[in-house]
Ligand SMILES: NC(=O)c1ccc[n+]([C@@H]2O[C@H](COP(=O)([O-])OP(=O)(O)OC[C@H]3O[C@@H](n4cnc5c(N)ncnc54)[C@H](O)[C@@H]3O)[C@@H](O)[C@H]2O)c1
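A lone chain, given as structure tokens: the form predicted alone.
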């Protein structure tokens, strides 16, 4: 059963990548609680299997970029909802190693592209399908100290937006989730930048899942678990010079922040 326009998810076949913990695990639990059949994907086999066992789902561990075929088989031949959640919180400047930039691009952008490439032929044939992209507020704004992360999350948002505007009239629903700080391992690994910028307003992964389900029910493309991000995004667009100057002050504050 494909999820209804009203947001009913019972019987839907759902895939969540990066679901061994954090936001992904919260999404998997939320969909399962609403009667969906859930495939739990993660590079960490033990974590994927643990979450799948908890929710009565199916573990399909491995690279998120290549999980669609195996997940489709596990769900009986098709996928209704695909959550491209796996991501890398890559820190660094323009001087970050080529491998860091390449990995961030591959996981944060190209994994979404590959999934869409595999899913869309079936979805377009039947006239329905739902693609959920976990982006980050960094994809709308930016993040100090994390050029590879910021740039590739902008790419993830751009791809989600492109998917929506290209295929919406053919029954494809797309949602871009753009939270700020979320209490996950990724926030912990962000170090002093995360402590300064994200930790003060951090929310739980379950709050992100709740925001997504509300957005699905309301058929909203942009999902903002931190509502204040809307005002930041508007300010960035209206007065980019002023916004960049403000962010530069934040950069300077971070440079003086205790490590």
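Numbering follows the first chain given and starts at 1. This one's a predicted model, so the numbers in the text were calculated from it and none came from an experiment.
What comes next is about the form predicted together with the ligand, which does not appear here.
Asks: Even though the partner isn't displayed, in the model of the complex is residue 215 close enough to the ligand, meaning a heavy atom within 4.5 Å?
Replies: Residue 215: no, not in contact with the ligand in the model of the complex.
Asks: I'd like to know whether residue 196 contacts the ligand in the model of the complex, with contact meaning heavy atoms within 4.5 angstroms.
Replies: Residue 196: no contact with the ligand in the model of the complex.
Asks: Does residue 182 make contact with the ligand in the model of the complex, using a 4.5 Å heavy atom cut-off?
Replies: So residue 182 counts as contacting the ligand.
Asks: Against the ligand in the model of the complex, would residue 64 count as a contact residue? Criterion: heavy atoms within 4.5 Å.
Replies: Yes - in the model of the complex, heavy atoms of residue 64 and the ligand come within 4.5 Å of each other.
Asks: Of these, 164-172, 120-128, 133-141, 94-102, which stretch puts a heavy atom within 4.5 angstroms of the ligand in the model of the complex?
Replies: Contact-bearing stretch, as computed: 133-141.
Asks: Among the candidate residues 160, 71, 86, 109, which is the single one with a non-hydrogen atom no more than 4.5 Å from the ligand in the model of the complex?
Replies: For this set of options, the contacting one is 86.
Asks: Select from 18-36 the residues with a non-hydrogen atom within 4.5 Å of the ligand in the model of the complex and write them out in sequence order.
Replies: Heavy-atom contacts to the ligand in the model of the complex: 18, 20, 21, 22, 23, 24.
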